[in-house]
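There is one chain below, alone, in C-alpha coordinates, taken in the form predicted on its own.
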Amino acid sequence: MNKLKTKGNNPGHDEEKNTTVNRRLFLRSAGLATSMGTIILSACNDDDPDPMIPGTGDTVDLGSGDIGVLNYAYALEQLEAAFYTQVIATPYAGMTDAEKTILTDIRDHEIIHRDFFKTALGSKAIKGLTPNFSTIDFTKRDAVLGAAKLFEDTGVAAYNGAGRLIKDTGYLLLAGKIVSVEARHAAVIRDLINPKSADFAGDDVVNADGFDKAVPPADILAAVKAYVKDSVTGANVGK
(Lines give C-alpha, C1' and ligand atoms only; values in the text may rest on other atoms or scores of the structure.)
Protein backbone atom coordinates (compact mmCIF):
# COMPACT_ATOMS: atom_id res chain seq x y z
CA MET A 1 0.00 0.00 0.00
CA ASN A 2 1.37 3.43 -0.91
CA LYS A 3 1.93 5.77 2.03
CA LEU A 4 2.27 9.53 2.03
CA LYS A 5 5.54 10.80 3.48
CA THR A 6 5.20 13.41 6.19
CA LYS A 7 8.87 14.30 6.47
CA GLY A 8 11.57 15.45 4.10
CA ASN A 9 12.16 18.30 1.70
CA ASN A 10 10.72 16.77 -1.44
CA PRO A 11 8.35 19.41 -2.95
CA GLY A 12 6.33 16.72 -4.72
CA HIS A 13 5.55 14.91 -1.51
CA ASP A 14 4.77 18.17 0.28
CA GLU A 15 2.32 19.11 -2.46
CA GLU A 16 0.63 15.71 -2.30
CA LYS A 17 0.39 15.96 1.48
CA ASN A 18 -1.12 19.46 1.34
CA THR A 19 -3.60 18.38 -1.34
CA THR A 20 -4.74 15.44 0.79
CA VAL A 21 -5.12 17.62 3.89
CA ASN A 22 -7.16 20.19 1.95
CA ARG A 23 -9.47 17.49 0.61
CA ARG A 24 -10.01 16.10 4.09
CA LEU A 25 -10.77 19.56 5.46
CA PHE A 26 -13.41 20.40 2.88
CA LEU A 27 -15.04 16.99 3.22
CA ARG A 28 -15.20 17.17 7.02
CA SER A 29 -16.44 20.77 6.92
CA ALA A 30 -19.14 19.71 4.48
CA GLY A 31 -20.29 17.00 6.89
CA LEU A 32 -20.54 19.46 9.77
CA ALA A 33 -22.59 21.89 7.71
CA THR A 34 -25.00 19.15 6.74
CA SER A 35 -25.43 18.01 10.34
CA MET A 36 -26.59 21.54 11.17
CA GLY A 37 -29.51 20.94 8.82
CA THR A 38 -31.10 18.87 11.59
CA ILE A 39 -32.01 22.09 13.36
CA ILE A 40 -33.73 23.40 10.25
CA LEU A 41 -35.80 20.30 9.64
CA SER A 42 -36.85 19.97 13.27
CA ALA A 43 -38.06 23.57 13.16
CA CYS A 44 -40.38 22.91 10.22
CA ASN A 45 -44.00 22.46 11.18
CA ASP A 46 -46.17 19.48 10.32
CA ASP A 47 -49.29 21.45 9.46
CA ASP A 48 -49.37 20.39 5.81
CA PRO A 49 -52.03 17.91 4.74
CA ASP A 50 -51.01 14.37 5.62
CA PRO A 51 -49.16 12.94 2.61
CA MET A 52 -49.76 9.54 1.13
CA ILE A 53 -48.11 6.98 3.39
CA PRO A 54 -45.52 4.85 1.53
CA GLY A 55 -46.89 1.52 0.42
CA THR A 56 -46.10 -1.78 2.10
CA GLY A 57 -46.48 -4.06 -0.94
CA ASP A 58 -43.86 -5.33 -3.35
CA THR A 59 -43.36 -1.84 -4.77
CA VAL A 60 -41.91 0.83 -2.49
CA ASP A 61 -43.93 4.02 -2.95
CA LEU A 62 -41.99 7.14 -1.99
CA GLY A 63 -45.18 9.03 -1.22
CA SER A 64 -46.42 12.48 -2.22
CA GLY A 65 -45.76 16.13 -1.45
CA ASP A 66 -42.65 17.15 0.44
CA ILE A 67 -42.62 13.82 2.26
CA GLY A 68 -42.30 12.10 -1.10
CA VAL A 69 -39.32 14.30 -1.97
CA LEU A 70 -37.65 13.56 1.36
CA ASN A 71 -38.22 9.83 0.90
CA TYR A 72 -36.75 10.16 -2.58
CA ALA A 73 -33.61 11.70 -1.07
CA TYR A 74 -33.62 9.04 1.66
CA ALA A 75 -33.70 6.27 -0.95
CA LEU A 76 -30.69 7.72 -2.78
CA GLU A 77 -28.76 8.25 0.44
CA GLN A 78 -29.42 4.63 1.40
CA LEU A 79 -27.86 3.53 -1.87
CA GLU A 80 -24.79 5.75 -1.48
CA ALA A 81 -24.24 4.83 2.17
CA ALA A 82 -24.40 1.12 1.34
CA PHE A 83 -21.98 1.55 -1.57
CA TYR A 84 -19.28 3.39 0.39
CA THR A 85 -19.70 1.05 3.36
CA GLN A 86 -18.84 -1.83 1.02
CA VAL A 87 -15.93 0.11 -0.50
CA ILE A 88 -14.30 0.59 2.91
CA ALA A 89 -15.15 -2.91 4.14
CA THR A 90 -13.43 -4.47 1.10
CA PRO A 91 -10.80 -1.99 -0.15
CA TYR A 92 -9.84 -2.32 -3.78
CA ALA A 93 -6.33 -3.47 -4.68
CA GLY A 94 -3.75 -0.72 -4.26
CA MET A 95 -5.98 1.68 -2.34
CA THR A 96 -3.67 4.33 -0.85
CA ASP A 97 -3.97 5.75 2.63
CA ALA A 98 -5.05 9.08 1.14
CA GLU A 99 -7.77 7.43 -0.96
CA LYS A 100 -9.03 5.42 2.01
CA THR A 101 -9.24 8.58 4.11
CA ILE A 102 -11.25 10.41 1.45
CA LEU A 103 -13.59 7.48 0.79
CA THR A 104 -14.10 6.93 4.52
CA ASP A 105 -15.05 10.58 4.98
CA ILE A 106 -17.55 10.30 2.12
CA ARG A 107 -18.97 7.10 3.62
CA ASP A 108 -19.45 8.84 6.95
CA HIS A 109 -21.23 11.78 5.29
CA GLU A 110 -23.60 9.47 3.41
CA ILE A 111 -24.42 7.55 6.59
CA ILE A 112 -25.18 10.86 8.33
CA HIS A 113 -27.46 11.85 5.44
CA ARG A 114 -29.23 8.47 5.42
CA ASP A 115 -29.81 8.38 9.17
CA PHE A 116 -30.86 12.02 9.21
CA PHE A 117 -33.66 11.44 6.70
CA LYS A 118 -34.78 8.24 8.44
CA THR A 119 -35.08 10.03 11.77
CA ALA A 120 -36.70 13.13 10.31
CA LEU A 121 -39.31 11.14 8.38
CA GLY A 122 -40.15 8.89 11.32
CA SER A 123 -43.16 6.68 10.60
CA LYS A 124 -43.45 8.15 7.09
CA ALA A 125 -40.04 6.85 6.03
CA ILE A 126 -39.85 4.10 3.44
CA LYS A 127 -38.33 0.79 4.45
CA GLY A 128 -34.64 0.05 4.23
CA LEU A 129 -33.87 -0.77 0.60
CA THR A 130 -31.75 -3.72 -0.51
CA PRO A 131 -28.86 -2.66 -2.77
CA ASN A 132 -27.68 -4.70 -5.73
CA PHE A 133 -24.00 -4.12 -6.44
CA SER A 134 -23.45 -7.40 -8.28
CA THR A 135 -22.22 -5.58 -11.40
CA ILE A 136 -19.49 -3.69 -9.51
CA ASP A 137 -16.09 -5.33 -9.02
CA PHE A 138 -15.07 -3.93 -5.63
CA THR A 139 -11.55 -5.35 -6.03
CA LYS A 140 -10.72 -2.96 -8.89
CA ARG A 141 -10.01 0.75 -8.45
CA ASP A 142 -11.42 1.78 -11.83
CA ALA A 143 -14.69 -0.07 -11.20
CA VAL A 144 -15.18 1.40 -7.73
CA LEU A 145 -14.31 4.98 -8.65
CA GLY A 146 -16.37 4.73 -11.83
CA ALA A 147 -19.39 3.64 -9.80
CA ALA A 148 -18.71 6.36 -7.23
CA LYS A 149 -18.63 8.95 -10.01
CA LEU A 150 -21.97 7.69 -11.31
CA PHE A 151 -23.61 7.76 -7.88
CA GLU A 152 -22.27 11.20 -6.95
CA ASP A 153 -23.10 12.85 -10.29
CA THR A 154 -26.55 11.25 -10.14
CA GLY A 155 -27.05 12.44 -6.57
CA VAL A 156 -26.25 16.06 -7.45
CA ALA A 157 -28.54 15.99 -10.49
CA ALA A 158 -31.28 14.38 -8.37
CA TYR A 159 -31.23 17.06 -5.66
CA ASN A 160 -31.14 19.80 -8.29
CA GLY A 161 -34.09 18.26 -10.12
CA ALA A 162 -36.16 17.76 -6.98
CA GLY A 163 -35.62 21.29 -5.66
CA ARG A 164 -38.44 22.77 -7.71
CA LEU A 165 -40.86 20.20 -6.25
CA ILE A 166 -40.26 21.21 -2.63
CA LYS A 167 -42.91 23.47 -1.15
CA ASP A 168 -41.56 24.01 2.37
CA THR A 169 -38.70 26.54 2.32
CA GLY A 170 -37.11 24.83 5.32
CA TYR A 171 -36.83 21.60 3.37
CA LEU A 172 -35.52 23.51 0.36
CA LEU A 173 -32.76 25.06 2.45
CA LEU A 174 -31.88 21.64 3.80
CA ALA A 175 -31.70 20.19 0.28
CA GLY A 176 -29.39 23.02 -0.72
CA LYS A 177 -27.04 22.20 2.15
CA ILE A 178 -26.91 18.53 1.26
CA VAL A 179 -26.53 18.93 -2.51
CA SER A 180 -23.50 21.15 -1.90
CA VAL A 181 -21.91 18.28 0.03
CA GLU A 182 -22.76 15.82 -2.74
CA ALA A 183 -21.16 18.17 -5.26
CA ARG A 184 -17.96 18.18 -3.19
CA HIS A 185 -18.03 14.40 -3.19
CA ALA A 186 -18.50 14.36 -6.96
CA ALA A 187 -15.58 16.75 -7.46
CA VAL A 188 -13.12 14.83 -5.30
CA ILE A 189 -14.05 11.49 -6.91
CA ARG A 190 -13.44 12.99 -10.35
CA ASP A 191 -10.10 14.30 -9.13
CA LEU A 192 -9.11 10.84 -7.88
CA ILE A 193 -9.90 9.44 -11.33
CA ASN A 194 -8.19 12.21 -13.26
CA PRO A 195 -5.92 14.20 -10.91
CA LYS A 196 -5.20 17.89 -11.43
CA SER A 197 -7.50 18.15 -14.44
CA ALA A 198 -10.55 20.29 -15.16
CA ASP A 199 -12.73 17.20 -14.97
CA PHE A 200 -13.71 17.98 -11.35
CA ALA A 201 -16.36 20.19 -13.00
CA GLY A 202 -16.48 18.62 -16.44
CA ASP A 203 -18.73 19.85 -19.23
CA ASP A 204 -20.65 16.58 -19.00
CA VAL A 205 -22.18 17.83 -15.74
CA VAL A 206 -21.70 21.62 -15.82
CA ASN A 207 -23.02 23.47 -18.88
CA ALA A 208 -21.56 26.51 -20.64
CA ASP A 209 -23.62 28.82 -18.40
CA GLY A 210 -22.01 27.36 -15.29
CA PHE A 211 -25.07 25.41 -14.15
CA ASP A 212 -25.13 21.79 -13.03
CA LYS A 213 -27.62 19.26 -14.36
CA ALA A 214 -31.12 19.06 -12.86
CA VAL A 215 -32.79 15.72 -13.55
CA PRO A 216 -36.39 14.79 -12.58
CA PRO A 217 -37.05 11.92 -10.14
CA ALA A 218 -38.46 9.54 -12.76
CA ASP A 219 -35.23 9.67 -14.78
CA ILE A 220 -33.03 9.31 -11.70
CA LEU A 221 -34.96 6.30 -10.42
CA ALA A 222 -34.64 4.68 -13.84
CA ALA A 223 -30.88 5.34 -13.83
CA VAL A 224 -30.29 3.67 -10.45
CA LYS A 225 -32.85 0.89 -10.87
CA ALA A 226 -30.18 -1.70 -11.59
CA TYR A 227 -28.52 -1.03 -8.23
CA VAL A 228 -31.60 -1.64 -6.06
CA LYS A 229 -33.33 -5.00 -5.67
CA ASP A 230 -36.59 -3.36 -4.59
CA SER A 231 -39.03 -1.85 -7.07
CA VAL A 232 -39.34 1.85 -6.27
CA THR A 233 -41.95 4.27 -7.61
CA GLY A 234 -41.87 8.02 -7.30
CA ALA A 235 -44.96 8.71 -9.37
CA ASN A 236 -46.40 11.04 -6.71
CA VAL A 237 -43.21 12.75 -5.54
CA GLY A 238 -43.84 16.47 -5.19
CA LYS A 239 -47.57 16.23 -5.97
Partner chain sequence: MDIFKIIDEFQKIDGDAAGRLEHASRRFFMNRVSRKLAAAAVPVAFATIVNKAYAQSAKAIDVLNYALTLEYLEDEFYKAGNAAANLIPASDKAIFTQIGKHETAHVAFLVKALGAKAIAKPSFDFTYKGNFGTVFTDYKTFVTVSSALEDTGVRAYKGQAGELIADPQILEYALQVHSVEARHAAVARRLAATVTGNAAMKGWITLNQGAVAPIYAGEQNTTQGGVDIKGLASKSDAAVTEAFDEPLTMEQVLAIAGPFIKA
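Numbering follows the first chain given and starts at 1. Model, not experiment: these values are computed from the prediction.
This next part talks about the form predicted in complex with its partner chain, which is not shown.
Of the residues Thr119, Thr130, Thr139, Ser134, just one reaches its partner chain in the model of the complex with a heavy atom at 4.5 Å or closer; this is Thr119.
Interface membership of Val60, defined by any non-hydrogen atom within 4.5 Å of its partner chain in the model of the complex, is ruled out. With a 4.5 Å cutoff on heavy atoms, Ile166 counts as touching its partner chain in the model of the complex. For the chain shown alone, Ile106 is a contact residue for its partner chain in the model of the complex, at least one non-hydrogen atom being within 4.5 angstroms. Contact between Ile67 and its partner chain in the model of the complex is not found at the 4.5 Å heavy atom cutoff. Residue heavy atoms within 4.5 Å of its partner chain in the model of the complex occur in exactly one stretch of 122-130, 158-166, 86-94, 139-147, and that stretch is 158-166. By the 4.5 Å heavy atom rule, the three marked residues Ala187, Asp209 and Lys213 all count as contacting its partner chain in the model of the complex. In the model of the complex, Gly161, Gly163, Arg164, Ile166, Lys167, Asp168, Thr169, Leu172, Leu173, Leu174, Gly176, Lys177, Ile178, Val179, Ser180, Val181, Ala183 are the residues of 161-183 with at least one heavy atom within 4.5 Å of its partner chain, listed from first to last.
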